[in-house]
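The form predicted on its own is given below as one chain in structure tokens.
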């Protein structure tokens, strides 16, 4: 009898367990994790950076166990972006350039993150000029990683070999573009290396040329009565392009083939001593040092030389933007990850730790620890950042002070040309390529063609 009762109780228990299992009562629920695809994950070649990101990932996933961080290395390019976006394969968060947000917003490829920023309180900490670049109709679509301002990179070893060093050890750097040509000639004669690296392979060539031409008085785009007009063949642009022609054919101070030089090879020539001078900004000092092996004490950044009509620094930057497919939860996860990285405009235990880890990694890899360009205005954050920079400083700031002091002067900083910027750069690069490969190139005729081409784009896309 007892055996029958035990069997009945056992059957009841089994049935109960079966019913409970069907209802899911008393068992852990399988919750689908939020997937955060990090487009700014470093390339495999940057071993130390990858290790740092792995630590941040581990720390983040321990703090936010409902989120899975997926490395998704992506380097923005106008050629690859649209196919990825149309296929819905963009990372949750990725980096681009300050020239791109308005275009990406208009195309509908990036997410409005205004609500998420307000939840974090970060919307009020953004530098207003930077916020304007990342906004449309009062809505915000990105946040700044950092901003930059172009200066002139100097390979100090080549300056020393050419006898271009002051008694106090600082370089005798050029104050005008004419001086740059003459100093570049001295360097070529005394070291056999190029004096200046000019870019003429891709859009970066046109980008750098606008910086040079502004100093000759150029203004490439003019708005009148609501329409935009190309101004690529003005006397000022012609003068600047003739200066480039002289660097190639009169002074002969450029690298062997400027049409093979792009943003990356420019840092390679400085890092390896293939050239002595190159236009670059403070946010890329890891390129000649960490990537191409130049010791941090062999590098200086000085002001861009003055031209006959001015002395400007092209200002741009790198924003973080978000896939239009990203959910609000995924955007919030990305913002929380930025705090772990020390890239958020707040002072928290996590952000301080992230900033210190970044500075330690720079010191470990021989990257100059120098001030960034202020993309945020939160005073507490800026003070914390400065304190950490001072703690980990690894360079002699005399090699950088003239550059930073120059940037503080009124009117020096100049944002990139506002409309179809990459298309403008592409047209200018075509002219550069012709000028550095043909000593008989007709500069005015080439710029007339570029002006016509660019005006057609403005009329077809902007003025329609």
Partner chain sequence: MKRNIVGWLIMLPTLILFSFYVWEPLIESIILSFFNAQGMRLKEFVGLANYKFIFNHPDFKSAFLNTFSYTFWSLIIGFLVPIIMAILINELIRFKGFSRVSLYLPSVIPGLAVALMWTFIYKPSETGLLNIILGKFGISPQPWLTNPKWTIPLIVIMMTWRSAGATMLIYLAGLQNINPELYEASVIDGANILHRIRYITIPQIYNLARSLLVLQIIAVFQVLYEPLVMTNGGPNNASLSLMQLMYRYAFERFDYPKAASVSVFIGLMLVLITVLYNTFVKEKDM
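Residue numbers count along the first chain shown, from 1. Definition used throughout: the rigid core is the maximal C-alpha set that superposes within 1.5 Å between two forms. Because the structure is a prediction, the values reported are computed rather than measured.
There is also a form predicted together with its partner chain; it is not shown, and the following applies to it.
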Exercise. Would you please decide whether residue 59 lies within 4.5 angstroms of its partner chain in the predicted bound form, comparing each non-hydrogen atom pair?
Key: no
Quiz item: Heavy atoms within 4.5 Å of its partner chain in the predicted bound form: does residue 169 have any?
Solution: no
Quiz item: So in the predicted bound form, does any heavy atom of residue 229 sit within 4.5 Å of its partner chain?
Solution: no
Quiz item: How about residue 33: is it within 4.5 Å of its partner chain in the predicted bound form, going by heavy atoms?
Solution: no
Quiz prompt | Triplet 86, 423 and 456 all within 4.5 Å of its partner chain in the predicted bound form via a heavy atom | solution = yes
Quiz item: Of the options 109, 173, 243, 263, which one has a non-hydrogen atom that comes within 4.5 Å of its partner chain in the predicted bound form?
Solution: 109
Quiz item: Considering 78, 366, 374, 217, which brings a non-hydrogen atom within 4.5 Å of its partner chain in the predicted bound form?
Solution: 78
Quiz item: So which of 431-439, 37-45, 411-419, 61-69 is the stretch with heavy atoms within 4.5 Å of its partner chain in the predicted bound form?
Solution: 431-439
Quiz prompt | Residue shift check between the shown form and the other one, rigid core fit, residue 97 Cα at least 2 Å | solution = yes
Quiz prompt | Shift of residue 222 between the shown form and the other one at or above 2 Å (CA, core fit) | solution = no
Quiz item: Is there a C-alpha shift of 2 Å or more at residue 84 between the shown form and the other one once the rigid core is superposed?
Solution: yes
